[in-house]
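Only one chain is given next, in structure tokens, and it is the form predicted alone.
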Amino acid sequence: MSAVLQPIKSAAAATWALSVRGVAKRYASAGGSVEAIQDISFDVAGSEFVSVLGPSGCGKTSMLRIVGALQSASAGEVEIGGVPLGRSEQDTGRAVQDLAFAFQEPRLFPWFTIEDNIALPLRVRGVPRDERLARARELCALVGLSGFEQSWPRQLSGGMRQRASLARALVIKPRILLLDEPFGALDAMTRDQMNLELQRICAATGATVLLITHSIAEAVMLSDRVVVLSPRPSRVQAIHTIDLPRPRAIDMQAGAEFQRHVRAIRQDIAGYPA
């Protein structure tokens, strides 16, 4: 069953970790204004994992960039921990200081070792070298990269580079983790393994996660709720609560309850005209 802005079954704090209200985005073009996002509203509770699905080109990444203050909305409002983005530089800086991104491409610096790549956000914040490298080594252990701290990015597989990218996002101990198809370029078996790792890491850190993905199975595997967007100009079509027990294993995907969620979400997406 799906419903827009349905409540969360788990206990939620009085203030949402993340609140998106009436967000719209229009871009200027040679032919005039293009409306990418019409009206998106949803909330995410602390330590909740929410995925966003929708047709290609519906504005999922634009929405995520607005949430992360990488670009501004044309209308609407985003609040992080009750603090609004965009009203003042001070409020925006305070709201996003505990946000972290991980993208589809690892974006590791080839001239830095893996531990130096992971520690980079702490270096930017002025954390002493010994302290930031100790934290980077903790994250290497968490994401399964122990023994590769001194390796160069070119020496790692694609899946291992994504582990490093995820560790770099986690190094500041973010309250909210924004993921833009971080495993989209990986082969199916590696992607499954990374989904298991991400589930384990989120349980260990308690991070709140907002994931953009094209994979319905991935969304069901990882999420507490799945937000389905319409084609451009996008709006929220439905929000599905995924009530499967945790931890979730890969073989759960063959089960009747898992497939019921997949079918319901696919029906929402496939119901739109091409």
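Note that the coordinates shown come from a computational prediction; the quantities given were computed from them, not determined experimentally. Numbering starts at 1 and runs along the sequence shown.
FYI, the form predicted in complex with a small molecule isn't displayed, but the following is about it.
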| note | Of 218-226, 243-251, 48-56, 203-211, the segment with heavy atoms within 4.5 Å of the small molecule in the predicted complex is residues 48-56
| query | Within a 4.5 Å heavy atom cut-off, is Arg235 in contact with the small molecule in the predicted complex? | reply | no
| query | Applying a 4.5 Å heavy atom distance criterion, does Gln38 contact the small molecule in the predicted complex? | reply | no
| query | Is there a heavy atom of Val34 lying 4.5 Å or less from a heavy atom of the small molecule in the predicted complex? | reply | yes
| task | Report yes if any heavy atom of Glu79 sits within 4.5 Å of a heavy atom of the small molecule in the predicted complex; otherwise report no. | result | no
| query | Taking the small molecule in the predicted complex as the reference, which of Asp98, Asp192, Glu181, Asp116 has a non-hydrogen atom within 4.5 Å? | reply | Glu181
